[in-house]
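As a starting point, one isolated chain is supplied in structure tokens, in the form predicted alone.
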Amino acid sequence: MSKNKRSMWSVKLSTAAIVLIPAAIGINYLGKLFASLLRLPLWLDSIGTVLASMLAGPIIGAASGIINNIIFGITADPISTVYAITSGAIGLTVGIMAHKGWISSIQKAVVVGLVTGVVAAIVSTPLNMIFWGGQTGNIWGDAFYTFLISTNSPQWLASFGDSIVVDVPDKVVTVLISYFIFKGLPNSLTNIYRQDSEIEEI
């Protein structure tokens, strides 16, 4: 075992990081279930991914999101596996911005949510075009898609608009929920994952 300074891109798996990944996946499932039961116009399936990114950086966050989608794809919806790319992008975006100090206040957390929503929409749009004819399956987003198509907008633009009106509010809410959870955690826990801290690694 050794002690080293961890950088933002560290992939050294400490015991804490290994435990964090399944915990993040479980939180993602709970968020998705909560949104489904209440019929919310949001996904809320990235809370664990975002929280993991805030705690342990972009690599662990992205890994949590990717593994989550693969598991969900195997057990429930095969298409979900494809969106592992989006989940990975979400983890990377939040992890990088968190490392740069963008979760020091609610206002900054909102900016993280906005940026993450745009990134998710950019990555998801071609996937939506390939697998869903450009739509997302979200009633609000698909209504906007139909409106844009009716105005003779290009399909890719309508698809991007569909994603934007869903992903941006979803990611803002997701990041804020994760932010409040993060801020509510004891320092003894968050310090374990600090990117500039010295920790024992396996």
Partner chain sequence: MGSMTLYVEKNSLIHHLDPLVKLLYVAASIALTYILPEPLFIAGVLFITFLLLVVGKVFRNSLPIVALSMVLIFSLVIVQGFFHPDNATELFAIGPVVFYEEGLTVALGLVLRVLVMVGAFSVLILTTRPDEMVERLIKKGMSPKIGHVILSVLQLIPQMRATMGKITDAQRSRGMETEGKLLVRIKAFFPLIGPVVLNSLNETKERSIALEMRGFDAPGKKTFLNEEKIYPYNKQFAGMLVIIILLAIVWRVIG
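Residue numbers count along the first chain shown, from 1. Quantities reported herein were computed from a predicted structural model and do not represent experimental measurements.
One more form of this protein exists, namely the form predicted in complex with its partner chain; it is left out here, but the text below deals with it.
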Taking L20, I79 and G133 as a possible spot, do all three reach its partner chain in the predicted bound form with a heavy atom inside 4.5 Å? yes
So in the predicted bound form, does any heavy atom of I74 sit within 4.5 Å of its partner chain? yes
I'd like to check something about I66: if you look in the predicted bound form, is any of its heavy atoms closer than or equal to 4.5 Å to a heavy atom of its partner chain? no
Would I149 count as touching its partner chain in the predicted bound form under a 4.5 Å heavy atom rule? yes
If we define contact as a non-hydrogen atom of the residue within 4.5 angstroms of the partner, is I47 a contact of its partner chain in the predicted bound form? yes
Need the contact residues for 48 to 69: heavy atom within 4.5 Å of its partner chain in the predicted bound form, sequence order, or none if there are none. L51, L55, I67
